[in-house]
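A lone chain, given as structure tokens: the form predicted alone.
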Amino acid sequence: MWGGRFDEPPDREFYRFQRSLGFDAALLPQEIAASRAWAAALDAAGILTSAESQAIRAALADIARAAQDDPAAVAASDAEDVHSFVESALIARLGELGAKLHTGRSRNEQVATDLRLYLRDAAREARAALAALLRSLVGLARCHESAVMPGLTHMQPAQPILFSHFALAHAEAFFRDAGRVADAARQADSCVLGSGALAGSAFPIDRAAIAKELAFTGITANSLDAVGDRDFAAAYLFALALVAAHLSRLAEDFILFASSAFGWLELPDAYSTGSSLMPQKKNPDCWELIRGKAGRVYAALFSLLTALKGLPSSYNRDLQEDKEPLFAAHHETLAMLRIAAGAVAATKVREDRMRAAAGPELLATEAADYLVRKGVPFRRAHEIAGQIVREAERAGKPWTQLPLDSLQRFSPLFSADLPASLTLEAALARRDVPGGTAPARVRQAIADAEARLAQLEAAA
């Protein structure tokens, strides 16, 4: 491919060191598609005849079929990369005609185009996997719409919430992830072909026509920038890193809530393992593995950012290091999402245990709010409620069991209507604001989430 300049062949160990076919063979479908578009562009520019272009395009389709039928043949090739593999296969079929395809084209722009095409397809897969997980979470919320649970802050009982509100909280994070994945795909949605090695093609190539054939919405604006730009890949990896973070948080909640200390969730057998020693164990291995594998996705992002740091303008061979972390993170995240979707859908919710755990301490804020409605400044009301809780702790009983006359020692504004404010249902109903945990608000939120999910599924 470039041997005319050199007197000696490359050192064999160096050749193996710098080869990328072992991983960039994953770009073969994209390389074939981009090469077919390039053949059509050379025809339109008068570099190839229509017959030559058709013969090249047919041979490229044949190479794609052969690789699909026998993937081992690609792996067995000693080609340097996927681009030289396709070119060698083309020349083997067409002779000198096959060697014409590279006219006016550089591997710098080929790999940038292939990677953009790959990312576009990868983002579609990721959005579909996110939609499947969201379907499980929203379905869980719908099935347990009215279940009450303790809401936690700092891992301490805080206020009562609906379990459906909890499930939708996780769903919101994954909806944001789907948006970030789509944004990364939009950043990749410009065609690089026609940029040459860095200065643009020397032939009258219709770049817009190439972009149209490859279903890009436009072309890159600057050839020097285009061949070295991997912002879209970094954006995708950042989106995947946040997916992994949100999966890890979901995993942590499910692990905790399924533990014997909580008992709010029951792990599905199909997504759990046992102990090789202790026969009673049911371990949340699917969630622990998801939590652990998040680090791999983070590492992929940092690997790419490190490769990009300090690169001079245009293409540099460092950019070969963009693919392995991107491919690995994509496949790892897809696997995590699919396992999480199945595990969520199969999880049993113990509504009785959650409600039993929603003790009187969750209603302390209701006492403060009661006084506020009587005209007491909130900071003073907060102090009074705290004093009541402390008194009850000293007495060794729930504060809601203190008699009215005891409460009135802290504030004479407490009256016989207080108990009606101190129920879980009353506390939930008062959170009647958009985004709150009031039952009516959560019912609407479930319906809204189902509508958003339908849109995501249609787009994916």
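Residue positions are given as counts along the sequence shown, with the first one as 1. Since the structure is predicted, the reported quantities are computational estimates derived from the model, not experimental observations.
One more form of this protein exists, namely the form predicted in complex with arginine; it is left out here, but the text below deals with it.
A.B. asks: Mind telling me which stretch in 383-391, 80-88, 130-138, 97-105 gets its heavy atoms within 4.5 Å of arginine in the model of the complex?
C.D. replies: Of the stretches listed, the one contacting the partner is 80-88.
A.B. asks: Find out whether any non-hydrogen atom of V111 is located within 4.5 angstroms of arginine in the model of the complex, and reply yes or no.
C.D. replies: Residue-level check for V111: yes, a contact with arginine.
A.B. asks: Decide whether N283 counts as a contact residue for arginine in the model of the complex under a heavy atom distance cut-off of 4.5 Å.
C.D. replies: Output for N283 is no: heavy atoms all beyond 4.5 Å of arginine.
A.B. asks: Given that arginine is not shown alongside this chain, does K323 nevertheless sit within 4.5 Å of it in the model of the complex, heavy atom to heavy atom?
C.D. replies: Heavy-atom contact with arginine at 4.5 Å: present for K323.
A.B. asks: Would R373 show up as a contact with arginine in the model of the complex if we use heavy atoms at 4.5 Å?
C.D. replies: R373: no contact with arginine in the model of the complex.
A.B. asks: Looking at R379, R317, K348, K309 here, can you tell me which has any non-hydrogen atom within 4.5 angstroms of arginine in the model of the complex?
C.D. replies: Selected residue: R317.
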